[in-house]
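Okay, here we've got a single chain as structure tokens, the form predicted alone, with questions on binding and movement later.
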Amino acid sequence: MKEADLESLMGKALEGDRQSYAELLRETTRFLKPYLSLRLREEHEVDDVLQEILLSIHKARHTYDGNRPYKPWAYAIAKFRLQDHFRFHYGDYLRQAVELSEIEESLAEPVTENAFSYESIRGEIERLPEKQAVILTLIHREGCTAREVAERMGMKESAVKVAAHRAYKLLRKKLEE
């Protein structure tokens, strides 16, 4: 559908034409769904966010300026709803994330250098969360680099380093006790 058609539908919808409004929402769904599908993993998330966007468009329809194109206005609303979705659903991950600048010094040091051998603390390593235990085993027992561990585990190298750092922190705490 052409942009002018969308603007026309919105104009008629604002005048109270229910059929035009229903058609406008169908067309809006048609161009927003692919936009959301590229940004969200799950189909149910796409549908949920799409419903939120359509609700927001409905609530904000009085702010639409008929002298401007419809799609950029709708995409702006979609962008804000999508950001809200990410903030709400993934905010905990961001709050728990470790800033790499906080651990730069320990990352600069060789990962395999320590006062303990793998065998001497093997029992403590096995009590770590599974992913951390596997990472430390690959690094210290098999002599893998962080890059090699990342490739084997399907992770990013920086994620392996962060997980290893967290594991070292846990081990240090347990060994100090």
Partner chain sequence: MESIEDLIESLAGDAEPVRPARNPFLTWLKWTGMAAAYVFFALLISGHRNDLAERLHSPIFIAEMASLVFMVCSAALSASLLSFPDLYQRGRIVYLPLLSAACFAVVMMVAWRLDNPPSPLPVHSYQCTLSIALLSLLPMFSIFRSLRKNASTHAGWAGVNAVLYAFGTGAIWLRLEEATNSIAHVLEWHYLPMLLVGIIGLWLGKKLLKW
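Here the structure is a predicted model, which means the values were calculated and not measured. Positions refer to the first chain, counted from 1.
Quick note: we don't show the form predicted together with the partner chain, though the next part is all about it.
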### Task
Considering only heavy atoms, tell me if residue 33 and the partner chain come within 4.5 Å of each other in the predicted complex.
yes
### Task
Classify residue 143 as contacting or not contacting the partner chain in the predicted complex by the rule of any non-hydrogen atom within 4.5 angstroms, answering yes or no.
no
#### Entry: 4.5 Å heavy atom contact, residue 38 and the partner chain in the predicted complex
no
### Message
Using a 4.5 angstroms cut-off on non-hydrogen atoms, would residue 137 count as touching the partner chain in the predicted complex?
### Response
no
### Query
Can all three of 91, 148 and 158 be found with a heavy atom no more than 4.5 Å from the partner chain in the predicted complex?
no
### Message
For a quick check, can you give me the residues of 53-85 that have a heavy atom within 4.5 Å of the partner chain in the predicted complex?
### Response
54, 55, 56, 58, 59, 60, 61, 62, 63, 64, 65, 67, 68, 69, 72, 73, 76, 77, 80, 81
